[in-house]
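The form predicted alone is given below as one chain in C-alpha cells.
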Amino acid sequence: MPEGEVTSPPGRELRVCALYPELMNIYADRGNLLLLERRCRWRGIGFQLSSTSLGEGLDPDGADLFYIGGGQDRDQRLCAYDLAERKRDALHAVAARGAVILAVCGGYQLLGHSYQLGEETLPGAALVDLWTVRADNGGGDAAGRLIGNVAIEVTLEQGQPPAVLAGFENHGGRTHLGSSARPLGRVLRGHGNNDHDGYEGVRDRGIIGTYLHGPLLPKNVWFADWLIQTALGLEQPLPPLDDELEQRAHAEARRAAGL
C-alpha cells in the first residue's frame, strides 16, 4: 500500500511505548510496531514511538498503546523483576484509564501473577488474573513445548461476527486463566494457552495478551486496525486501505494452521 493514498483528519497521532524492545524481541515481533506505524501513516495519522527498558520509569500517560514482546529466559527474568519493581504501579494506572496494552508470548506471561520456572518463580505485573507454569525442564530443549501454527476465533465487539486471528506459537509455559479473566479467543487449530482448556490469550479492559507471534499483526491487519482505532478512542472504523497483499498473508497463515 503506497503512502498517502488514504487520509484522516489532521491532528491525530498514535503514541506507542515499547517495553524492553532490545530484550523482548525474540520472534521478530518488532514487526508489529512497524506495521502499526505504516498503517497509521498511510492514513495520515501521526505516529510516535517511545521506549522504556531496565531501570527506567514508565509514564502511564505517555502513550495510547503499550507493547511488550517475548524474550529468551535470561532476558525475561530481567524484565520480570524490573516490571514488578519499577513499572507495575504505572502499568496498573495505564490499565485503569483504559489505554491499550498488547503483550505477546513472554510479555503475555508477565501480565499475570507469576511464572513458575522449575524452582524459581518470576513475579508478574498482576494486571490480569492468570498464572503460568513452565512444562519443560527450563533448559531450552523442546520437551513439553507447544509449537506450531495456530488459529483462534475472536469477537472484539458485541454484536459483531467472530473473526479469525492466525499466527504461530512456541512456548513451554502453560498459562491458566483465573475466574475473573476471560480469554482472547477460542482455539480452532493449535494448542492455545495450555493445550487443555481450548482457549487462547486473555482480554481484560484494553489489555490483550496472546501467544500468537511471528509477528502477529502483519498476518492480521484487521486486528491492527482495531488496536489503532481503540487506542485513539475512535468511534468509527478507520478508512480502508488496499490490503490485497495483507489479505493474502492472512489467508496463508490460516492455511498453514489448517483452516
Ligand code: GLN
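Computed from a prediction, not measured in an experiment: that's the story for all the values here. Heads up: residue numbers just count along the shown sequence, starting at 1.
This protein has a second form, the form predicted in complex with the named molecule, left out of what is shown; the following refers to that one.
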Assert contact residue (the named molecule, in the predicted bound form, non-hydrogen atom within 4.5 Å, options 167, 112, 183, 173) equals 173
The one residue among 215, 70, 190, 201 placing a heavy atom within 4.5 Å of the named molecule in the predicted bound form is 70
* Would residue 88 sit within 4.5 Å of the named molecule in the predicted bound form, counting heavy atoms only? -> no
Any non-hydrogen atom of residue 223 within 4.5 angstroms of the named molecule in the predicted bound form
no
Q.
I'd like to know whether residue 105 contacts the named molecule in the predicted bound form, with contact meaning heavy atoms within 4.5 angstroms.
A. yes
**Message:** How about residue 58 - does it come within 4.5 Å of the named molecule in the predicted bound form, if we only consider non-hydrogen atoms?
**Reply:** no
Note: the named molecule not shown here; in the predicted bound form, the stretch from 91 to 99, 123 to 131, 147 to 155, 70 to 78 having heavy atoms within 4.5 Å of it is 70 to 78
